[in-house]
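Okay, here we've got a single chain as structure tokens, the form predicted on its own, with questions on binding and movement later.
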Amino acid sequence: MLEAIDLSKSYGTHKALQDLNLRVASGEVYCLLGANGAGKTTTINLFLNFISPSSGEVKINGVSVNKKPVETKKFIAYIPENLILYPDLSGLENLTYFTALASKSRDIDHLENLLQKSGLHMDAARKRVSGYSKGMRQKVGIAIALAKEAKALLLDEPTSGLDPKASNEFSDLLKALSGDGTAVLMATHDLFRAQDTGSNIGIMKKGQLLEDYLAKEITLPDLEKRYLDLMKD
């Protein structure tokens, strides 16, 4: 569903990403770990076509992002570290608006059900987003992805700043999405969430994917040790 092929991005002499080869199949949750500047966000931005690659190719559902950027947008949803919603609208009104932008026709009952499925209670769904916590906004983001019927979800530090309860709820939502066949690519600093939520884990440093693992085959202590060893200069 998501594929990077010999993907590189340079800014002058600075190599933000070097020869990345990455595949995320339907139903997989691939977690990218790494320090700031490792290339995680650059990778996400290349899939989103926010920036253009210096070399290599990005594909979503077999379609080249480089050649057909508009077509690939219909397959994906994106939740950044701080999801921007319209503060004077309710969660339900935001969902209605963004669903219409995606050219999807959904009745109010269906949208309400999606918000509930995403863990947002209906009394909150009808209140202004300006009073929402970050966790509540992320749930609206999940509902938008569901309404859009996105085949792939791109996440950039989605659990940063969440309390443990909200972070755990978000992880459960990702597991449910992957169980329904959604491919998830998540950039994160959270080793625990990566090991708990991910099916695959990659460690990046200075624009390179150094190692990757099946989450079920590495324990959290071993992942932490390997991560810290790789981060040494």
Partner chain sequence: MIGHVAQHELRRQFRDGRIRTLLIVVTLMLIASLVLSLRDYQLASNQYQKNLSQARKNWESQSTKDPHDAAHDGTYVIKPLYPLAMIDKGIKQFSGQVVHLGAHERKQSTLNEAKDHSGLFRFGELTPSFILTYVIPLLLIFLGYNAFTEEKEKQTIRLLLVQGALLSQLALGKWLALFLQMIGLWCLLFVAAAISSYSVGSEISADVSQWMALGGIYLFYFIIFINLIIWISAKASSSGMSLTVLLTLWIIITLIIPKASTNLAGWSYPFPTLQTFRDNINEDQTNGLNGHNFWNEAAQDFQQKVLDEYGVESIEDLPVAYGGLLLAEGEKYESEIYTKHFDLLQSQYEKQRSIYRWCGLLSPMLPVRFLSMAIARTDYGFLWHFEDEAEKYRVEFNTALNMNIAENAKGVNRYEAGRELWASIPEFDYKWQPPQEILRDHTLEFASVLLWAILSFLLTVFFTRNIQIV
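Positions refer to the first chain, counted from 1. Values in this document were obtained by computation on a predicted structure and should not be read as measured data.
Another form, the form predicted together with its partner chain, is not on view; read the next lines as being about it.
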- Single option in 151, 134, 117, 106 placed near its partner chain in the model of the complex, where near means a heavy atom within 4.5 Å: 106
- Query: Closest heavy atom of residue 102 to its partner chain in the model of the complex, within 4.5 Å or not?
  - Reply: yes
- Contact label in the model of the complex: residue 87 to its partner chain, heavy atom within 4.5 Å: yes
- Does its partner chain come within 4.5 Å of any heavy atom of residue 35 in the model of the complex? no
- Interface membership of residue 93, its partner chain in the model of the complex, 4.5 Å heavy atom rule: yes
- Message: Please identify, from 182-190, 26-34, 42-50, 202-210, the stretch that has a heavy atom within 4.5 Å of its partner chain in the model of the complex.
- Response: 42-50
- Message: Under the 4.5 Å heavy atom criterion, name the residues of 8-32 that approach its partner chain in the model of the complex, in sequence order.
- Response: none
